[in-house]
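Provided below as structure tokens are two forms of one protein chain, presented individually as structure 1 and structure 2.
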Structure 1
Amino acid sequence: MAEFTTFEHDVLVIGAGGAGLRAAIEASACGCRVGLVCKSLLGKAHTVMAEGGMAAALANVDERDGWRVHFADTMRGGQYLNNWRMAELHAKEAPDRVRELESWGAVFDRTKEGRILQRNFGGHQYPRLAHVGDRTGLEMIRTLQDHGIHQGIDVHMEVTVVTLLKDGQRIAGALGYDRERGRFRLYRAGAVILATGGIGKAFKVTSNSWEYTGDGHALAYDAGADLKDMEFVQFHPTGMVWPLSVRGILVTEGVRGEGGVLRNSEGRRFMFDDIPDLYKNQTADNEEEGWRYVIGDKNARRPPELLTRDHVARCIVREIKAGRGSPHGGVYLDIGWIKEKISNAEEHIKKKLPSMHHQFKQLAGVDITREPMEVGPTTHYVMGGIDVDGDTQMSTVPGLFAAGECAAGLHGANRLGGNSLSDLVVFGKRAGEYAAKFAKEHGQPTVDQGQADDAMRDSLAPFDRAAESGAENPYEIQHTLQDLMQNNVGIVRNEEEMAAALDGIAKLRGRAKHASAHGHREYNPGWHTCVDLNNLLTVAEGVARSALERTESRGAHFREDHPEKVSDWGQWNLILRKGTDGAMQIERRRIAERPAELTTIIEEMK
């Protein structure tokens, strides 16, 4: 059998973005020996790309804000499918986590009075997002990284985990390999925390980095944990569509907040064409009023470009499908037009949207102060994930915890902007604390050598297949899968297309059994892709299966064959589990009853 090196930790954290770093810091502070595994270099995780800010009811800008309002906003945004306990804890603890980051060295923007400044964002009733310009994620990572490296955490960089190991029912560690040389590593650990982020790479167009291949989702699923709410994938309405090499990269909602408007190829502001009844009272019906809102007139209603992300994304798709799109399959987002309204427009745009100005100039050669951007929807975030206990973040597998995007519950059917960065630190801390407690109470597990041998054999199989006649190219399978998910399980869904997607995924699974890698294990991207394929196929199937099952439209999940929200569906979460025969099983699970006081808050805030 292949050789491996063994590492001993009390708590092993997989993923070094915001949630993983925060969890590792907490577990270490609890006196545990902590190992932190990441697929890339420390400090380069996907969290760095978050722009807008982190939501916390600090009430620095509007004193009417408080945890109750934040809780109610989060539940409304999630269409009440949320894990209410997580929404409650998140709203209560986010302010402490923000102040903690500040005390650790994060440089938040300030109010005139010297407090942390908070900005408006979709779905939040009051200005609530603590931010650092339009690069809040980078600030969070830098702060956590600086704090974390001083705590004696063992960081294992450039390592891919291929399987979780179990000791009976409980978790026992993980097996991975270093991406540089392909040498196996066995991590024995009393508790494991998954903080691996999302699944964006299952789609063709995504704002997510290459690391987002659903690793944590698939590792937990294969280890017997439940996945929840996988049908809810958030498509951000504005990603770059051109040039091709940057397709999918995010264009922040802040552009529209500063007065950016969406136009089709005829120059028409098509967002005025379709304003949902639910929002008619709060949405401007003419350009003039929309502009007054942008410049701070409290009596004006918001422009339709600032409707919810799912609705804006669908309107853009409609324009493109109707042949009114831009040359490269998007629509136009124009911020430069505000020069008709204000004299110093160019400086204003550069000051308010520095990263966007820089990003388009550097990556696309477009000056956004003069020219419109071409934008289209991009896969942005998965609300679904590993089903966890609201207080401890432990999954249905004892000793296996999850935090951040790979965990489900906080966001329900749709996530509000700004709630993900606070999610990372609130539940990263909790996962670290309870994982440390679990590891101390249960001691070190025993590792079954057979499980490690099987995992190593499976991982190396692609090399043996290189000489086979039916050998498959892993990149080709990956690209086919991405196209399939993009076209059939995207923003607008129907039964026929999703059924076809499930057939297609099953066929791709068959082909993936023949995926092959050439050469040797030392940095071999083809081999890495073979390993990622299993994860991508698992999450793709999970999304398609759940989306097919939910015969209604709610939040980010839109079915053209069931376009209405069905109130009964509001009682149910969809759970995925690996059956004994290896096939994916799906079941409805009724949402636990809310305590009366939380229901009262929701009713009061309606």
Structure 2
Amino acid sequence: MAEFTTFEHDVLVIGAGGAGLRAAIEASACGCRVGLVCKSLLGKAHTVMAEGGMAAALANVDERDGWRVHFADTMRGGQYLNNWRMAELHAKEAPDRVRELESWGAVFDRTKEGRILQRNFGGHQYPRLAHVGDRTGLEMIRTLQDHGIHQGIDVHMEVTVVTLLKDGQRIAGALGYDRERGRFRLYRAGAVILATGGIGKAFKVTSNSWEYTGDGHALAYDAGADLKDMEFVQFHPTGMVWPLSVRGILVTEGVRGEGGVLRNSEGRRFMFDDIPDLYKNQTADNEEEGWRYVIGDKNARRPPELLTRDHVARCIVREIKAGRGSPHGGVYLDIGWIKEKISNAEEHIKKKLPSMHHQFKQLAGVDITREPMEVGPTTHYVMGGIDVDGDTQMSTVPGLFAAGECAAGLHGANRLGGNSLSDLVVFGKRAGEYAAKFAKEHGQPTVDQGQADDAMRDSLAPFDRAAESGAENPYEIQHTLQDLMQNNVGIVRNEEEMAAALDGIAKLRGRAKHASAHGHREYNPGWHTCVDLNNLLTVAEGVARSALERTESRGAHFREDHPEKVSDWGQWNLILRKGTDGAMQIERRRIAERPAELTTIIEEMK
């Protein structure tokens, strides 16, 4: 078989975004030898694309905020399918994680009194997002990297992991290859933490970068771990729609948090047309009141543009389908209108939203201080992922942990904006702590060389197929899958289209067995795409199968053939696991009963 290099670690972290870096830092602080593997270069993690801020109940802008309110907001946004323990821990621990980042050098925006400034965001009752302009994720990564490089962590950049290795039932390590030269690497570890992010590249229009091919989800699934809530995919309401070369690139919710309003082609602020009963007592009744809330009047209610993302996305789709959209198939997002309210509007926008100003100026030729942006929904985040224990973040496979977007539970049926960044550091820390504990208690496992040989053989198979008469182009398979998911399992779903998607995925899986790569292993993106296909097909099937099973509409999952929320479905999570025959199995699992004190908090906050 192919040659490989072996690396020994107590804890191996796969993924170097916010969750992976925080997990590596914590495991190292616990005295473990830590390896950190990332698919791209260090610093290129998708966390840098999280712009608006990180949610934490610091109560710096509104003293009425607290962990109980944050907990209730998170549960309500997730339609109560959340892992209540994770929602509780997140709300309680997020403020400490923000202050920890500050102590490590993060430079947050400040109030006049010098405290960390917080802004409004969709679904949050009070201004709660600690931010650095619209570059919060970038500041988080910079801070964690600057702190982490001094902790003795071994960093392995530009490495794709192709399989997890097991010793009996427990995790034993991973096998990967370096993307530059194509040489295999075997990582032996007492515990493995997956922090690989999301699945956005399974869809045609996405805010996600090229790395988001569902690697962690598929690695865990193939290793025998359970996946949960895969039907819940969040389509961010505002991505760029023009020019086509930048379609899907994120337009941060911070634009709406700073006063941006959504208008249709008639110039009407359409979000007032459809306010859910649940939010009517919290939402502004007119434009003036909505504006007063945005600039910091804590007694006013939130503007309708800051309702939950699933609702805003569907309202935008409604306007487009009704023929009231923008010329390029979106709607208008207008922040420049605030010049009617404040004298220094242009400077205010450039200060608060520097990245957005630069992004539209360079990519679309639009000055957002003077012209409205064209925006539309874009695949953004998956609430579903690896099923983990709320306290330890360990999956159903002993020694395999997960944190961040690839882990399920915190967000339930829909994630609130800003909860993602605090999720990374709260549960990244916990995953690192408990993975280190597991590795110390259980010692080093034995790696089965046969598993590694089989994985290397499978990974190199595309080169052997290049000369076959039925060889398939991996890019064509990927593009076909993205079109299939975008058209059949997108924002609005129905049984017929999702059943067709599953049939299409099965056919594409057959074609993927003949995907071929030409040339040699060095600098070969065609080969990388062949390797990614299994992951993309696994997560695509998981989303489609779970969405077909849930015969209701809830959170980010909307079915036009079952448009109502069904109370009984609110008691169940959908679980996916790989059967002994290799087929994907699905089952319902009743949600664990909440403690009485947490239920009381939810009732009080209603």
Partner chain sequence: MTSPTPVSQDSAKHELGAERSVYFRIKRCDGPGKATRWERFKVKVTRGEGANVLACLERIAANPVTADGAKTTPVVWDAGCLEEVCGACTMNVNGKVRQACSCLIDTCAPNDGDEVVLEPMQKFPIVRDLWVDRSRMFETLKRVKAWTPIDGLYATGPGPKETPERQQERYIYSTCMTCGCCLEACPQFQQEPDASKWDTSFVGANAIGQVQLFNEHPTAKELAPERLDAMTAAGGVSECGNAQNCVKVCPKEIPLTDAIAAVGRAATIHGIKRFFQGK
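Along the sequence of structure 1, residues get numbers from 1 upward. If you're wondering where the values come from, they're calculated on a predicted model, not measured in any experiment. Take the two forms, find the largest set of C-alpha atoms that superpose within 1.5 Å, and that set is the rigid core.
Engineer: Between 1 and 2, where do we have the form predicted alone?
Structural biologist: It is the second structure (the form predicted alone) rather than the first.
Engineer: Based on which rigid part the C-alphas fit better between the two structures, which of Ile505, Gln234, Ala517, Asp73 occupies a hinge?
Structural biologist: Residue at the hinge, from the list: Gln234.
Engineer: Superpose on C-alpha atoms and tell me the smaller rigid part's rotation against the larger one between the two structures, in °.
Structural biologist: Angle of the smaller part against the larger: 11 degrees.
Engineer: Mind pulling the C-alpha shift for Trp337 between the two structures, with the rigid core superposed, in Å?
Structural biologist: Its alpha carbon moves by 4.4 Å.
Engineer: Please report, in Å, how much the Cα atom of Lys351 moves between the two structures when the rigid core is superposed.
Structural biologist: Shift of Lys351 at C-alpha, rigid core superposed: 3.1 Å.
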